[in-house]
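Listed next as structure tokens is one chain, alone, in the form predicted alone.
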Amino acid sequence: MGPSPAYSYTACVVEAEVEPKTGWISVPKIWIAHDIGRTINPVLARGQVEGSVYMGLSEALMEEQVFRRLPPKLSSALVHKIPSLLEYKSLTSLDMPEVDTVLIEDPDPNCPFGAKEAGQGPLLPVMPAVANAIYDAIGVRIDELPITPDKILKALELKAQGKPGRVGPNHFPAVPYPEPLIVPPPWEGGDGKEVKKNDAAAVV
């Protein structure tokens, strides 16, 4: 996709309440500050940032894709366990907390009018901020999304047994990544086509 002329940054603080008996999580308020460069349209930019908060909180607390493996006689593929968006839950307007949005302006000379993105960047810190708020509230870590009441209860049970109060994968999965493609940009003599390994040394 090509390099970005500038990168934006976001800071997020989440207030979370956790009921230890049920594992139920409530988020009454979120504070978010986004480095936007220059705010060209403040109302639209604020809406984009708060939309990212909505998406991040939905991902943190309820959005989940569950897969199942087909029988070997059919295929070895993984498919959705419940192939219906009726089971793919997102927050409603009644679930959204109060959001305190701060747009940080520091115009970037490499960007149009000094403005940076405000679309997806503010989404990223919401999930870890939720996980950290839960840890601050009850002292357990949930290392996978969504963070659901059953995972909270399991982590609390482990903690009560004197074990680490942590639920989630304990290592990064082994992924058989393919060899990277080398596509030099135009300023390095590229024409949009892949350079083969033997020719790559000459270009680089």
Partner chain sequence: MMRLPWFEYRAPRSIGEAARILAGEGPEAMLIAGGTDLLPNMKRRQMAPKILVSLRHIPEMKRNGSALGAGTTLTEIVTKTELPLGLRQAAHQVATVHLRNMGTLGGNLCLDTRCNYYNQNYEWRKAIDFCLKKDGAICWVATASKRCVAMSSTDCAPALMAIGARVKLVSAGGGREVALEDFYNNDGIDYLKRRPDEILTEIKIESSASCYWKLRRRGAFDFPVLGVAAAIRSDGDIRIALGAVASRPFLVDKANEFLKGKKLTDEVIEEAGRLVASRAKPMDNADLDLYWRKEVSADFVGYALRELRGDDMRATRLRITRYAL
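Residue numbers count along the first chain shown, from 1. By rigid core we mean the largest C-alpha set that fits within 1.5 Å across both forms. Keep in mind it's a predicted model, so treat the numbers as computed, not measured.
Although not depicted, the form predicted together with its partner chain is the subject of the following passage.
Undergrad: Based on heavy atom distances of 4.5 Å or less, which listed stretch (54 to 62, 170 to 178, 41 to 49, 137 to 145) is in contact with its partner chain in the predicted bound form?
TA: Of the stretches listed, the one contacting the partner is 54 to 62.
Undergrad: When the contact criterion is heavy atoms within 4.5 Å, does residue 100 count as touching its partner chain in the predicted bound form?
TA: It does not: once its partner chain is placed as it appears in the predicted bound form, residue 100 has no heavy atom within 4.5 Å of it.
Undergrad: So in the predicted bound form, is its partner chain close enough to residue 153 to count as touching (4.5 Å, heavy atoms)?
TA: Contact with its partner chain, yes.
Undergrad: Looking in the predicted bound form, any heavy atom of residue 108 within 4.5 Å of its partner chain?
TA: Residue-level check for residue 108: no, no contact with its partner chain.
Undergrad: Counting only non-hydrogen atoms and a 4.5 angstroms cut-off, does residue 193 reach its partner chain in the predicted bound form?
TA: Judged by the heavy-atom cut-off of 4.5 Å, residue 193 is well away from its partner chain in the predicted bound form.
Undergrad: Can you name the residues of 18 to 51 that have a non-hydrogen atom within 4.5 angstroms of its partner chain in the predicted bound form?
TA: Counting only heavy atoms within 4.5 Å of its partner chain in the predicted bound form, the contacting residues of 18 to 51 are 19, 21, 22, 24, 25, 26.
Undergrad: Superpose the two forms on their rigid core, then report whether the C-alpha of residue 76 is displaced by 2 angstroms or more between the shown form and the other one.
TA: The answer is yes; the displacement is at least 2 Å.
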